[in-house]
Every structure is written in C-alpha cells, then in structure tokens.
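In the block that follows, a single chain appears as structure tokens, in the form predicted on its own.
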Amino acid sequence: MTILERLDQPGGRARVFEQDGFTFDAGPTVITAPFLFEELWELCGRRLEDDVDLRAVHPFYRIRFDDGDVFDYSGDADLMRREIRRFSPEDEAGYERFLAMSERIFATGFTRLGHVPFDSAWDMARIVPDMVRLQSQLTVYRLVSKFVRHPKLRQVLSFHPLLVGGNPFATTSIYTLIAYLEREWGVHFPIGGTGALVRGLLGLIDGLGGELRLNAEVTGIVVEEGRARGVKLADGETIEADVVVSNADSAWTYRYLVPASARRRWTDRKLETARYSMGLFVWYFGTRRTYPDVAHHSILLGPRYRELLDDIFGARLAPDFSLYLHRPTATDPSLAPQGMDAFYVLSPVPNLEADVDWTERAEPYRRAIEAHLSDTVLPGLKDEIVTSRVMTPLDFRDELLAFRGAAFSFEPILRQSAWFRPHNRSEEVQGLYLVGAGTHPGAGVPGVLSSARVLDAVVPDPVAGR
C-alpha cells in the first residue's frame, strides 16, 4: 500500500500550521462519532485511547445572535430543555419531537445506509419508501420549522448543514440526523489538536506496512481498456497499481485526473453544471492574552440568516457574515505559548463561481471580521494579535485541489446524494475507487470515515483473493 500526498506534510485538509509558537489545525475541528475512530483502530489491532486523547467539549457550541442573545447548545438533555424554555417555553414539546425524528432519521440515514455502497439505481430505488417516510424531500429548515416556531430556535436547530457545506434552506432533511449523533456521542477535541488524529492514523499505516510519500503530486490516473492501471506523478514517474483509491476531491478527480475518453457519466459538462458547496474564508490568529470567557466552539450569527445564505450560495460576497470561532486552547492550552490563546475564525463565503478577486479582497475582509470580533466576543483584539494567516477559496483550489474552491465538494442537496453522487466504486473506471467528502455519504468527519467503511466492502482484498 502506497499513499501519495502532494503536500509536504500528511493530513490534507487536516494538516497543521505551526507558526510563532502556535499550533493551528488547518481544517476539521469538530470531532463527532468517536466510535468510528475506535472501530478503525480495532480493525488495525490497536486501541484509539492508546494513541489519541479525545476530550468531550461542553457546551458543544455557544451560539451568539446578532442582538447579543446567547444559546448554549449541548448534549445535556436538562440544560437543552432549559435553554429552549428560556427562548420559547411553548416550543419545548416540539423540540422533543424533533429529537425523536432526528433519531429515526439517524437510524436509517447513518446506521443502516451510511456505510453501504450505492452502485446502481436499484440501490437508490429501494430506499425511496424510507426517504418518503422520513420526509427527506423537505429541507433541513422546513423540517425543523414543523416542530418549533421561534425564529431563533429554528436557527439553532438548522445550522448543522453548514458544517458539511450545505445550505439549511436547500439541504435534504436527512442531515438533521446530526442533532441525534451529537446528542448521543458528544462533540470532542483531541489533545494536541486534530493533527494528533493524523499522527495516530500514520501510526496505523506504518503498523500495516504502508508507505507514505510526501511531495508526490498525482497528475493523472492511467486508464487502459477501461481499467485503472496506476497513476502518473508530476515529476514524470508512473506507479503501476491494480487498485487506485482517490482521496482527492471527486470532482477534481474526474475533471483533471481521469481522461475524458474514459468518462461517460461525469463528463466535463456535468461537472461544470453540478452544484458545489460554499467556499470558506479562514483566519488563523494568536493573541498575547487569553479570553477565558470564550467557549471552545462559538457560532456568531449575523443580522441575516436566510438572506445571507442566499447570497453565499448565489455566488455573491455579502457585506455581512456569520462566523464560526474556534478556540482550541479552551481545551488544550498547549496549542499556544503560555498565557496566550490560539483561534481560527471561519466565514462561509461563495465558492470561486463568484466574481471575487481574493488577492484584493482578503485583507479588507479579514479586517472586517477582526472589527466584528473586537466589538462582540474578543474586546481589544486588534492590539492583542501576535500571529496571523488566512486561507481563501483560492487556497482551497490551489493547495487542496478543491474544484471551484468549494470547501466540501458537491452541495448536499437531495439530487446530489447517495446514488446521485460520484460512486465509491467508480462507475467510470474499473479498479478506481473514491473516498472522501465528494462521494457517498458526504462531507464531515463522520461522513468521510463512513466512505472509508464503504470501501472496506467494495475494494477487492488481494490477500483473500476476493
């Protein structure tokens, strides 16, 4: 087994930036479904807890509305009911019914279908009755609105699709399963940052006799008579292989790595006209002081909700924003020098379909975010910053090869889910398999891990000869 990584360190979107004594996780920071990691470690004959120290985070998210109201979103049933009552006592019963619905959706959408392949139209057809029963044709926001009436609670219970690249007003209500997933297993963070999980995975690969090659960019998949025969690297080398697994963005894989002559379904035209997730503007920064009142995960909602999302997914850069603020030093102070704090703040923005010149707009946009944080949860921020760096959709495209700079690949709408996504077992090329956010079941750490579980069922085992 040979793993090829085009960057100079492992992890891809989960790589790590170390700068001025601070450690920043570049990508995923919300770790849910720890049982998936535990299962992976067990399959390798190891125990997760021997390699990674996962800590539960409380609250899961501190949600701050633009008027200053705060909702602490957690897995504590009593505390959640109290928060619901504080905003709208008459919505408490509806909230309980929503959780019960979320559990039913989880049982089908995740437990039963999240790790199985969708290779044929029949695989999709057989779940239609379940989808109708669970109202999958509704969007997340519409389903939430059937249970609660208060506008702020509707935002609290519908924002989750943004964590996987979806618009709550367009994403299939299947994604309300996240509410139950978090309630049942919690939200976690690894000591040492998400990079600790990457290091743990490297240990598993090493224990299995695998090889990792850094600075090895794949520029093409070799296809002969409809079958993958290996890959070509940027330096001219060709590596022969009977099985090729692409963890690159699936749209990028088909558009730039698989020859057009080998594609029938995922043609250039289909890829160009598909709908993709939003982009991300991410600012990593460290402060010379700590902000102990700021939670590990904060969501700062702007003055607009639906209208802002219309702008983002309509390829317009809005003057306002909603933000996700990550303060990992709330759980692990070692990620910053003593007496200091590490942060990253993420703003959903249009992908590169929008006419935005990020080489010109990045710094003004960063300053606007800085001013907003200073006015709300990080007073005096401008004078406290000691290190800083940004990522824009351009970086997602150029460094991570994300098609159109979309941070989460295909947008998770109903007609781009399950069988309608690029298949885990390529429908174009024999011997080619896809894993990651752009294939089934979708983005987010649990989704990506589940896509690997699918491959365990479909990739031939050379040892067993199947």
Ligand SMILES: Cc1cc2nc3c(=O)[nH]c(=O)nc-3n(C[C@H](O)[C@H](O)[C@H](O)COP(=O)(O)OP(=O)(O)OC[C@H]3O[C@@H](n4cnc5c(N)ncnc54)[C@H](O)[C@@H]3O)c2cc1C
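These numbers were taken from a predicted model, which means no experiment stands behind them. For every residue, the number given is its place in the sequence shown, counted from 1.
Here the subject shifts to the form predicted together with the ligand, a form of this protein not shown in this document.
For the options Asp119, Asp310, Asp130, Glu217, the one in contact with the ligand in the model of the complex, meaning a heavy atom within 4.5 Å, is Glu217. Ala248 is the sole member of Leu177, Leu325, Leu373, Ala248 with a non-hydrogen atom within 4.5 Å of the ligand in the model of the complex.
Not one of Phe71, Arg149 and Ile299 comes within 4.5 Å of the ligand in the model of the complex, counting any heavy atom.
By the criterion of a heavy atom within 4.5 Å, Val16 is excluded from the residues contacting the ligand in the model of the complex. At a distance threshold of 4.5 angstroms between non-hydrogen atoms, Val57 is out of contact with the ligand in the model of the complex. The ligand in the model of the complex is approached by Leu401, whose closest heavy atom lies within 4.5 angstroms of it. Proximity of Leu280 to the ligand in the model of the complex: non-hydrogen atoms within 4.5 Å are present. In short, of 416 to 424, 42 to 50, 63 to 71, 393 to 401 it is 393 to 401 that has heavy atoms within 4.5 Å of the ligand in the model of the complex. Scanning 412 to 445 for heavy atoms within 4.5 Å of the ligand in the model of the complex gives Gly436, Ala437, Ala443, Gly444, Val445 in sequence order.
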